[in-house]
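Consider the single chain below, provided in structure tokens and representing the form predicted on its own.
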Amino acid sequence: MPDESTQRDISADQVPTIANGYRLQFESAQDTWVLLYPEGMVKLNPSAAEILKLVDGELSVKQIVTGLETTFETTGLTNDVHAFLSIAHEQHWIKLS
């Protein structure tokens, strides 16, 4: 998990996009969401998949958090979403603008 300074590098106003060369896709044979790239595939856990499904290049990080909290009727997801997006950014799965 990234430290707090890494998480602070992602602001609520930034807009993430799936990086070039990566594609989010549901694999029915494995009954899971995956992130495909030329060298392979990343099998996503349900939480990661829900976050990445909202990474469309139009929604800000804050809007993604709000969307998830609304969909799952909960609050307090900001730190978890920021932590996952920090990891996704470090792995070059997403770009931030």
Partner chain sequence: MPTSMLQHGLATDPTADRPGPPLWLLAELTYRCPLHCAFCFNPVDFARQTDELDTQGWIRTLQQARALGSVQCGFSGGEPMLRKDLETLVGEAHSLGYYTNLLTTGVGLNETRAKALKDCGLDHIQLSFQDSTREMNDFLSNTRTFDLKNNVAALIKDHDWPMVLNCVVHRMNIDHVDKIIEMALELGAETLELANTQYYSWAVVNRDHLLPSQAQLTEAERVTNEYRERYGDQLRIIFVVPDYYENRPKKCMNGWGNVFLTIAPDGTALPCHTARMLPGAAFPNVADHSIEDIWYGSEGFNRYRGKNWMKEPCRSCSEADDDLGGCRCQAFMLTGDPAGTDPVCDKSPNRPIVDEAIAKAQSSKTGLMTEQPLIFRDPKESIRLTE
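Numbering follows the first chain given and starts at 1. All figures in this text were calculated on a predicted structure; none of them were measured in a lab.
Below: the form predicted in complex with the partner chain, not depicted.
Visitor: Using a 4.5 Å heavy atom cut-off, state whether residue 76 contacts the partner chain in the predicted bound form.
Guide: Heavy-atom contact with the partner chain at 4.5 Å: absent for residue 76.
Visitor: Look up in the predicted bound form whether residue 57 has a non-hydrogen atom within 4.5 angstroms of the partner chain, and give yes or no.
Guide: The answer is no: residue 57 has no heavy atom within 4.5 Å of the partner chain.
Visitor: Residue-level question: is residue 30 within 4.5 Å of the partner chain in the predicted bound form, judged on heavy atoms?
Guide: Residue 30: contacts the partner chain in the predicted bound form.
Visitor: I'd like to know if residue 25 sits close to the partner chain in the predicted bound form, meaning any non-hydrogen atom pair within 4.5 angstroms.
Guide: Heavy-atom contact with the partner chain at 4.5 Å: present for residue 25.
Visitor: Within 4.5 Å of the partner chain in the predicted bound form: all of 65, 67 and 81, by heavy atom?
Guide: Answer is no for this spot.
Visitor: Which residues within 76-92 place at least one heavy atom within 4.5 Å of the partner chain in the predicted bound form?
Guide: Only 92 sits within 4.5 Å of the partner.
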